[in-house]
Ligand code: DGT
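There is one chain below, alone, in structure tokens, taken in the form predicted alone.
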Amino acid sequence: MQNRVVILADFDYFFAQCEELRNPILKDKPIVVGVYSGRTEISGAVSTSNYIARKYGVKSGMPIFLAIRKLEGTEAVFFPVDHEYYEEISDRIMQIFRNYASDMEQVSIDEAYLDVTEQVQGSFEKAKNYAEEIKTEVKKQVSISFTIGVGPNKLVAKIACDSQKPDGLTIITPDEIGCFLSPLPVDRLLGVGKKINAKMDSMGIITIDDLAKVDIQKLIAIFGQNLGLYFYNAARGIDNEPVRESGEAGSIGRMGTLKEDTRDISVIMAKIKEQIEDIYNEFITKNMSFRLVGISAVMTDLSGKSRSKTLDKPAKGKETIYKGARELFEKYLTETERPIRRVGVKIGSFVKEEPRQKQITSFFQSS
């Protein structure tokens, strides 16, 4: 069987890099991009910063006033988030990616998976040159750098990408999965946040290799069926989830701010239920079904993530949207410890309804 070859491309310090692109003269200065609350001139939080600013201890989610304090005495430049400009740059890069992959899945404004199995004939040796070609082409057309991880699936590609930044390229072949994953701390796996990491630590699970040695039944007993099975497979680098387009085109969605930052699934789903009503009222006027349910979340540090799932068959009901959104949020809450500030839900991948078959009597006309 041919190896799958999956790329994860993660744009380096993207918002700050976009500002460097717009103002090249600032490239050698600390740059901070933040979301300003408007209460005072310096109230708000850091969204991202370039690596020069990071050397001074500036981190995403940090209060802007504290970032100013850390960068005192430097030529630091602060910018408010400019989503429209960043999305324009992102869209240009994503279009280039689509030309290089059989399937492309945009995870967020600055991250995407590419399935290039067909393009490199399942060869990881060819994948190295191919990844470098993609990086060169994006640099040539858009002047943005990014880090690439290459692996036989999305899970391995993601961890490979995180291992060498910025502007890195890490390739993990199927034969290297065990050696690569084994020594890594277990919190490198998606789904291992602070609470689960502490639980695993109490069980003597420090590395991914430690996790791989735990019996599957024990993992299920402690973490539940879905999470236990996921940890068992993830520790072995097993991930069969396909790379697929999220179906943004033609989607219907809503986004809103929660009354308070929370991780409470009941509070989140109460807001989502309101949004589903709006979505459904718009959707019901169309003679279509949907195949995709997706969610969006913006955390307290202003980072944002989207998740989606493709249904086994076309659907039309509100309950299907609610059930799909809840499953996605429940899974996402296992991947992060941060409270959520804004939430959204969408449906997409629309399918036109087949015309109803005429009753046989309609074929007979009275004389």
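Keep in mind that what you see is a predicted model, and the values were worked out from it rather than measured. Residues carry their position along the shown sequence, with the first being 1.
There is another form of this protein, the form predicted in complex with the named molecule, and it is not shown here; the text below is about that form.
Among residues of the shown chain, Phe14 is one whose heavy atoms approach the named molecule to within 4.5 Å in the model of the complex. In the model of the complex, Asp110 approaches the named molecule with a heavy atom inside 4.5 Å. Residue contact with the named molecule in the model of the complex: Ser306 places no heavy atom within 4.5 Å of it. Interface residue remark: Phe65 is not counted as part of the site for the named molecule in the model of the complex, having no heavy atom within 4.5 Å. Contact annotation: of the candidates Arg263, Arg236, Lys286, Lys165, the single residue with a non-hydrogen atom within 4.5 angstroms of the named molecule in the model of the complex is Lys165. Out of the listed residues Pro339, Gly57, Gly61, Pro314, Gly61 is the one that sits within 4.5 Å of the named molecule in the model of the complex by at least one heavy atom.
Remark: of stretches 315 to 323, 65 to 73, 47 to 55, 22 to 30, the one touching the named molecule in the model of the complex is 47 to 55 (heavy atom within 4.5 Å).
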